[in-house]
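Two forms, one chain: they're shown below as structure tokens, one block per form, named structure 1 and structure 2.
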Structure 1
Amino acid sequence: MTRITRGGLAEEVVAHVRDQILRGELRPGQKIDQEQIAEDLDVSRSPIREGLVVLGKEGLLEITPRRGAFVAEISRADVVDHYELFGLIAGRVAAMAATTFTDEQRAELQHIHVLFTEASDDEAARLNHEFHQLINGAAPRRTRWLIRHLERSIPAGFFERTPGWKSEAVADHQTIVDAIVDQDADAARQAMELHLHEAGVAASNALEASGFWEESE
């Protein structure tokens, strides 16, 4: 395995473990295997310890002196609540897009949506990202930073485990597109907030289907 040579090894650890937790690969109460992380990422113990401290501050891990780090008890409500918080920020940005987008940006958003509607599931995941990135570009710099942080802190890759996710996303995206094209800020905000709420429910369902809560209940 090639050793990671770029900076931010602790950030690599954070992203790796966070993704394992939020995809349901690590369960509540499970001890974090630091040797396995070192093997997976080819990093030393120092960035691993730094990364686990960050995840402890995020509330994803419980760190006990002399015992190690364990996956925290994360409830279904915690997952949905995080998405709804994300939705409040994303909804505000969608409202900004509705009032600031140029004709070219509105046309690009419509084009991405058409491609998304016709895409395979694998391609749809990329287009879904492009759709939201275009809208998020309407936000001020610090708001974009906050959105990126919230995006990194939500379950990734649950779409393929959620039957019907694309058809629901297509309908939600159409509502968002219509509001932005009509320059209706309130409708854009509400549509985006609802979209992220539904994504939170889907993420929670995907974690439940993976058996994430079986050992803790």
Structure 2
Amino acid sequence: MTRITRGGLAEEVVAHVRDQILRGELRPGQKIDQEQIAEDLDVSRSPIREGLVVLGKEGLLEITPRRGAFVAEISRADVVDHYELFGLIAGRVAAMAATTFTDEQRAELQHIHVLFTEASDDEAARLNHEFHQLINGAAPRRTRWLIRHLERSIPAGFFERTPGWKSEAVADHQTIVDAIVDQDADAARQAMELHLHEAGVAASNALEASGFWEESE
């Protein structure tokens, strides 16, 4: 049994189950069958259980002692709320960036943004990530930690798959860049909050399209 386990099998389990949930193959409320996953991935239950704990902490699963793990009942309101919170944090960070960024950082931000506007669709995803990464660098450590946590709960690479995301993102990013370059903290906050709000709508639509909220049979 050769395997390329780069970070442990639990990670593989996390990715597998998360995908199944986000694809709509596992429906909200449905029970997670550990034995089934063991069969699918050819793995024992030890790493599976550790993976399920992770997904539980991310809010994708509801784990009840002695009963098992169930797909969390996530509503449209939950997704919107999630991104609203994300926006609240990210907005605060953008405001920090507006007041603390050096000239070099401002230039770098503009540079990334220009590349982003001109990039092909698959490069755009990477540059989008770099863009937000740079801004988030202005945040203190614990804030960055929380942002990572929020990113993983409703994974990235989600927004990037909705039609027309790029042109929308370019416009939003432009506003954000302008505000940070102007050192206008409040405008940066507002622009970032709006951007994340729109990302939330997009994510919500993407989940809708994947049949996430379809009635069962």
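Keep in mind that this is a model prediction, so the values were computed, not measured. For the two forms, the rigid core is made up of the largest set of C-alpha atoms that agree within 1.5 Å on superposition. FYI, numbering is relative to structure 1, first residue = 1.
Between the two isolated copies of the chain, the second is the form predicted together with a further copy of the same chain. The listed options are Glu73, Leu88, Lys31, Val43, and the one placed at a hinge of the rigid-part motion between the two structures is Glu73. Put simply, the smaller rigid part swings 26 degrees relative to the larger one between the two structures, by C-alpha superposition. If you overlay the core, the Cα of Ala15 moves by 4.7 Å between the two structures.
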